[in-house]
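First, one chain by itself in structure tokens, the form predicted on its own.
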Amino acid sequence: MSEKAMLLSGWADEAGVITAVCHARPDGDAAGCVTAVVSYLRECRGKDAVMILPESVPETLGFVFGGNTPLTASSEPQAARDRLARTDLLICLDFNTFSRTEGLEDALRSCPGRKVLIDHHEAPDIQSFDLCFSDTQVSSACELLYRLLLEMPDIRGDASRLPALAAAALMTGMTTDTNNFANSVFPGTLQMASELLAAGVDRKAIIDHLYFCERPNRLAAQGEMLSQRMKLLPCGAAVTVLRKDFFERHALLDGETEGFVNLPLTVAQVRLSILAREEDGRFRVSVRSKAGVSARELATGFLHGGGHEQASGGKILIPEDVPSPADAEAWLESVTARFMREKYSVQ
């Protein structure tokens, strides 16, 4: 057991109230992390542990909680603040700085308890935490958390000792953050998957929930995106801008465009895919790339964002970047072409 893991275990023993929190707009990795750590703390350590989400997850991810209802700050802000105000141990998962929790940032910073970070993104804000577990050479925060839980004295390196809900949540988060083993896969990722399968995790059920429970609306939206909205640029990039009317026309639910940004990468000549979704007063942007092209550098240099080398995100601000939503597509195409030209000498 490492010294840091021993310290965390001791803090968990001492804490009366433990709260786990993830980033805004939780994805599978974030939801899997908070579910797994809270399930472990409740079932193995008998703790008062609660998960707080800044916002609700997409409907397709609801299964990961296994019937447990997270406290969602966007719908119950006072309850979330009250919980954080009496938290003895705050476990922060799948984000590198409090700003990624958006509306929860101030409440998290003022939380009186010890603050622990468990994350796989670059440049963690270590000054804001009492203890940091940070590793970019893992597939996901779920993989990092899995390794940490194996070190706990009641698990003793045996995945079968994990609560069933925690094990399934960890597998779910790792699966989504690797795009079902399509990217960010390390030797430890496959080892984790093998150990969880041996421990009894039903991977087929997880895959069914994640990839085979879609509404027809999503499929129709995907068709329009590929046939009418996606633009292939000569520089080897694909740019897709989805306006509000697109979401209204297809009656899309929150999160139903998840994964759309990956689709253009199936085209041989596409090395970089950028997808922008219009929100109130701005566009939220997802960036994905193939090996050899940095999604992160585009996001940090032009889109007020950041993330991983091949999976990043950012935003287009109005009017700071473009005067109106109607100008976003042309601006994004210009910025992308400039990035590819200046960084990779691609015209």
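Throughout, we count residues from 1 along the sequence that is shown. These numbers were taken from a predicted model, which means no experiment stands behind them.
Below, we turn to the form predicted in complex with guanosine-5'-monophosphate, even though it does not appear here.
Chemist: Of these, P70, P54, G314, G28, which has a heavy atom no more than 4.5 Å from guanosine-5'-monophosphate in the model of the complex?
Modeler: By the 4.5 Å criterion, the partner-contacting residue is G314.
Chemist: Please tell me whether any heavy atom belonging to R243 falls inside 4.5 Å of a heavy atom of guanosine-5'-monophosphate, as the geometry stands in the model of the complex.
Modeler: It does not: once guanosine-5'-monophosphate is placed as it appears in the model of the complex, R243 has no heavy atom within 4.5 Å of it.
Chemist: When the contact criterion is heavy atoms within 4.5 Å, does G305 count as touching guanosine-5'-monophosphate in the model of the complex?
Modeler: Although guanosine-5'-monophosphate is absent here, G305 would touch it in the model of the complex, with heavy atoms inside 4.5 Å.
Chemist: Consider R100 of the chain shown here, and say whether it contacts guanosine-5'-monophosphate in the model of the complex, taking contact as heavy atoms within 4.5 Å.
Modeler: R100: yes, in contact with guanosine-5'-monophosphate in the model of the complex.
Chemist: According to a 4.5 angstroms non-hydrogen atom cut-off, is S286 in contact with guanosine-5'-monophosphate in the model of the complex?
Modeler: So S286 counts as contacting guanosine-5'-monophosphate.
Chemist: Could you tell me which stretch in 61-69, 45-53, 31-39, 305-313 has residues with non-hydrogen atoms within 4.5 Å of guanosine-5'-monophosphate in the model of the complex?
Modeler: Going through the listed ranges, the match is 305-313.
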